[in-house]
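Single chain ahead, by itself, as structure tokens, in the form predicted on its own.
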Amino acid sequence: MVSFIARRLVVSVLLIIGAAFIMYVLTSLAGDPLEEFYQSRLPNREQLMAQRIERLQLNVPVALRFFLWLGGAAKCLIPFADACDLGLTVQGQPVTELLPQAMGATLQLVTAATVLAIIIGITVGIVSALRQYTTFDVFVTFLSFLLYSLPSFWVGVLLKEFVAIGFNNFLRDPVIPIPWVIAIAVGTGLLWVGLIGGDMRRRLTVFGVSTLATAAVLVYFNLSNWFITPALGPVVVLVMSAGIGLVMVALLAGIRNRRALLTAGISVAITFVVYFLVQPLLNISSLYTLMILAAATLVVGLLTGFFVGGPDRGQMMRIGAFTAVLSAGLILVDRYMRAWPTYMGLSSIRGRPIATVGAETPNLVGDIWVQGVDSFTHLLLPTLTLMLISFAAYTRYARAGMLDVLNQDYIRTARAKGMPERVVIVRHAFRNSLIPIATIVAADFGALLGGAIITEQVFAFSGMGAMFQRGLSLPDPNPVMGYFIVIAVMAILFNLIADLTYSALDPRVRTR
């Protein structure tokens, strides 16, 4: 294993150097950084040109200039030396100062979209495979191909028009019309029928219950003016936490496992009690306080599973941890929702909270909850844009991988031995269906810091993609090379992780 990793790293370093040389030369030859001065009538034109020539080392041949840049970049590998030098931009700003700002903006923009696309896409793809050729499968297939074929800039423009502007106008009189209530309720009922399936009696029952429940919730939203003063409240937190616990038990242990039910039930009960205890603390919380609370929640869930688990402690600890963390997340969501009226009342928001450009509201003053709501409203549209397109690809890969695994001999053998369908799907089929998806996930995470150049332009985000685009248009080689080196390192790192993941998912695969 060690020799494999060492060989991969050596080859990767050589590839990075070769690709970096080509990128540097092409960027340097793409244009003249002094072109803007040739027609200038500024009295200090010659002085400005001399400064830029010295700053960018334009009096040095391109090939030699690359090796000077490479020497500065190599200093970044020296730990704690603070000697990293990636050159200057044409404006004289060090790339090492520009790069962290761009990476932070890109991480905000892309991380949530990528993670949500992976989770939702794989889940929907697997359910679609299990419901092969049903109405739900046909609808998911049609939706996936539709979303996959749409250009990102067009999706962004549509979301601006119908989500941002439409919802902001809706907040003037936030009442859902009765025809829309009926349409949404019926659509939700059909969705649940497709997800759950079963015979006709079961389908009708699921459709009736889900349709009436959805209609009741929407009517409650209208009567309580929920869109102006939203909140979950302790009852909804309890019900949703119980649902999370049942899902975790059903997936990881089976609904008949009493220890699993007890573990999840204790985690849900603790969450319900903590909901009331932490409210005063949340009002004065900071980011560090929330991190400490998250760590404490994870520890409580693990301890619950440890003491209740008996012979299956590992499985019970997983159930307790997942249930506790996800249920605690509902408390945070509730607290963020309670900050919505304060956010809406700010003069800089002007009653139109869903933003269409930028990463934050300029000069916004507020606590961690108001700041969090502001980040959410600015990231909502670009996150949806990237997630919808990535979701389509993950859905297709997950569906194809699951169908391929379900037709394998060992799946038929497992069913013939009388194993429960949950065990066949979760323990045997699901794990092996993830092997081809691991490559796609690694590639996406490897390109994560590369940003989304088109989406960043549509929503005016100053991230890695915008830095790369500006560097090419000037041309300005040093920011382009800073972008390139981050992307190259991330791509190689996550491809190495993908190779190691194969052996973790499938014991038959050994990395040599």
Partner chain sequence: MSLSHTDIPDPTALEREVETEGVSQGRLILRRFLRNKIAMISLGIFLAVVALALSSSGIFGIPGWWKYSHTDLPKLLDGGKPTLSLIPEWLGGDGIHLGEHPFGQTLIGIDYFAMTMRGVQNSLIVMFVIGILVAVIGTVVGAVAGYYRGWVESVLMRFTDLIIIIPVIVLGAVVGQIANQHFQGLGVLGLSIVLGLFLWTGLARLVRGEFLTLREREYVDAARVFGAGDARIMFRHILPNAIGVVIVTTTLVMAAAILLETGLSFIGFGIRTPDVSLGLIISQNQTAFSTRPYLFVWPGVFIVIIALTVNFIGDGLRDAFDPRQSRFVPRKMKEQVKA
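Numbering follows the first chain given and starts at 1. Given the structure is predicted, the values throughout are model-derived calculations rather than measurements.
Unshown form predicted together with its partner chain; subsequent notes refer to it.
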Could you tell me which stretch in 64-72, 36-44, 476-484, 51-59 has residues with non-hydrogen atoms within 4.5 Å of its partner chain in the predicted bound form? 476-484
Its partner chain in the predicted bound form reached by all of Ile16, Leu406 and Ile453, non-hydrogen atom within 4.5 Å: yes
Phe142, Phe276, Tyr410, Tyr220 - the one with a heavy atom within 4.5 Å of its partner chain in the predicted bound form: Phe142
Since exactly one of Arg422, Arg431, Arg313, Arg396 fits, which has a heavy atom within 4.5 Å of its partner chain in the predicted bound form? Arg396
Any of the heavy atoms of Met23 lying within 4.5 Å of its partner chain in the predicted bound form? yes
Please run the contact check for Ala488 against its partner chain in the predicted bound form: heavy atoms, 4.5 angstroms, yes or no? yes
Check Ile492 for me: does it contact its partner chain in the predicted bound form (non-hydrogen atoms, 4.5 angstroms)? yes
Using heavy atoms and a 4.5 Å limit, would one call Glu161 a contact residue for its partner chain in the predicted bound form? yes
Suppose contact means any heavy atom within 4.5 Å; which members of 24-61 contact its partner chain in the predicted bound form? Leu26, Thr27, Leu29, Ala30, Gly31, Glu35
